[in-house]
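Next up: just one chain, as structure tokens, the form predicted on its own.
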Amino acid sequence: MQGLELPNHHVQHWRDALPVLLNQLQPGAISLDCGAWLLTCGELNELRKTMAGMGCNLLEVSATNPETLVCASALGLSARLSSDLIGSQKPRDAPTTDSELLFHQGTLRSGDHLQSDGDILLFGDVNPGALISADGDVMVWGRLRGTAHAGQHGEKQARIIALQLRPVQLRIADVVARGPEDQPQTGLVEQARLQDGEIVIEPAPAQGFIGR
């Protein structure tokens, strides 16, 4: 698979650079490195159509911006966190502040507990018997089938987001609920949040899901 890297967003817009970059590639499968670009579903579709017009098939997207990865996954593309960011992730038990986002790559198995004083973004699954908790948002880039607790110190605006949100138990602040039993819709990112004192599950917004 050929690799294509978008230019630094401080130097050149990707729309200006794309024709030149595509002319350097052979027709075939493409892995796109978006860097720090925040690309919406519409922009990624635009990229994909432009590539298709040059005989290139966009299959994989990597990025340092989680919102770009949400959009890529919603379009059915393989999405992964940039290797540069993965290499700089904190150890599991490293302390964080409320403004920080803790990245962790790897599946949590029964008996594991991953927690943060800020938000958590986990790239992997949360298996039954595992717990993931945070003072802020809990975001799982995979299947959430264990227990998740967002806003563990009372933050009622916290959310739980996953590519497959089918946990044993959900907690947001001091509100507890069981996970839904129906099968999730393929490619639909879901979130759990508090509404009128109850936990509701709904499609997650593709843009702006990190910030509140």
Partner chain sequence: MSTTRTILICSGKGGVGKTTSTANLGIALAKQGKTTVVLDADFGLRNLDLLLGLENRIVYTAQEVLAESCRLEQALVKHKQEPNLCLLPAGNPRMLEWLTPKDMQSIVSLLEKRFDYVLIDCPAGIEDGFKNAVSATREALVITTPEVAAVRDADRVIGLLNIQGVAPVQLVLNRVRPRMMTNQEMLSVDDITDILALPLLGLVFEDEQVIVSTNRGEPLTLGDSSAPAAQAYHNIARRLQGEEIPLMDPSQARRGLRARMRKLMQTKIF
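Residue numbers count along the first chain shown, from 1. All figures in this text were calculated on a predicted structure; none of them were measured in a lab. Here, rigid core means the biggest group of C-alpha atoms that superpose within 1.5 Å across both forms.
Keep in mind that the form predicted together with its partner chain is not shown, yet the notes after this line are about it.
Each of 12, 111 and 128 comes within 4.5 Å of its partner chain in the predicted complex, counting any heavy atom. Shown without its partner, this chain lists 171, 159, 145, 48 as candidates; in the predicted complex, only 145 has a non-hydrogen atom within 4.5 angstroms of its partner chain.
In the predicted complex, its partner chain lies within 4.5 Å of some heavy atom of residue 20.
A residue is said to contact a partner when one of its heavy atoms sits within 4.5 Å of a partner heavy atom; residue 202 fails this definition for its partner chain in the predicted complex, lying far away. With a 4.5 Å cutoff on heavy atoms, residue 16 counts as touching its partner chain in the predicted complex. Residue displacement note: residue 17 has its CA displaced by at least 2 Å between the shown form and the other one (rigid core superposed).
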